[in-house]
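The chain below stands alone and is given as structure tokens, in the form predicted on its own.
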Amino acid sequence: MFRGLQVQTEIAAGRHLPEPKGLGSIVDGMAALDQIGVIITVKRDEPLFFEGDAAEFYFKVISGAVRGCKLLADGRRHVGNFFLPGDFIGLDAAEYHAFSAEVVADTIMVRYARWKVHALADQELAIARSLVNVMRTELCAARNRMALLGQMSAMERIANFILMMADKSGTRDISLPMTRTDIGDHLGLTIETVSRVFSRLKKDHIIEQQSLHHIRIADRDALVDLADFS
């Protein structure tokens, strides 16, 4: 059962959703999905679904952010990824979700019934191809995240994380809706280490803190050098 739903509105047939800022062009062929989607708004810290829930829906983030997380056997939490505007959620799920999804900030999404998507993909080859392309992109991103948790130092992990967020937004002015704890649970670092590295980056004038959840990359070349662990 879907959890955390606050508002739900059917998308009018033929109406296309506005492209989120920084997303660029939405994957070719996916616009047809708008006709079978439902716009939903979920409040901050509400669960979208839990690990083990039946995977009945796909989601696309329009604005806001969602974290995908898993509770480890020793009680620690691992944040596997952050879903930002333009990202799809649930494409990798089998019959049941393998992780929980929680809303980081008030978020607007499109919810698609899986059976409707599959039926449309059977009829529209462009839809099927686009779904495969999205899954390939997600697999590549997952491999990159594995590298972050491998041999990288704390500074290298955070520098790479900031650069990835910048690439997603397409600008040096980056929104970080997640908390420092979220970032630490994503990168395998303590909140103290995350805060210390961010402070060091600000002190060295590599980033600028514009507000609590917004930073600006002041020296991208220096950040790239810090991110290079080869």
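Since we're looking at a predicted model, the values are computed, not measured. So that there is no doubt, residue numbering starts at 1 and follows the sequence shown.
Separately, the form predicted in complex with the DNA exists; it is not shown, and the next lines address it.
Visitor: State yes or no: in the predicted bound form, is some non-hydrogen atom of T193 no more than 4.5 angstroms from a non-hydrogen atom of the DNA?
Guide: So T193 counts as contacting the DNA.
Visitor: My question is simply whether S153 lines the interface with the DNA in the predicted bound form - judged by any non-hydrogen atom within 4.5 Å.
Guide: So S153 counts as contacting the DNA.
Visitor: Is there a heavy atom of R180 lying 4.5 Å or less from a heavy atom of the DNA in the predicted bound form?
Guide: Within the cut-off, so yes.
Visitor: Is there a heavy atom of K202 no more than 4.5 Å from a heavy atom of the DNA in the predicted bound form?
Guide: Within the cut-off, so yes.
Visitor: Sort through 32-40, 50-58, 158-166, 183-191 and report the only stretch with a non-hydrogen atom within 4.5 Å of the DNA in the predicted bound form.
Guide: Careful reading of the contacts points to 183-191.
Visitor: Of 199-216, which residues get within 4.5 Å of the DNA in the predicted bound form if you count heavy atoms?
Guide: Result: S199, K202, Q209, L212, H213.
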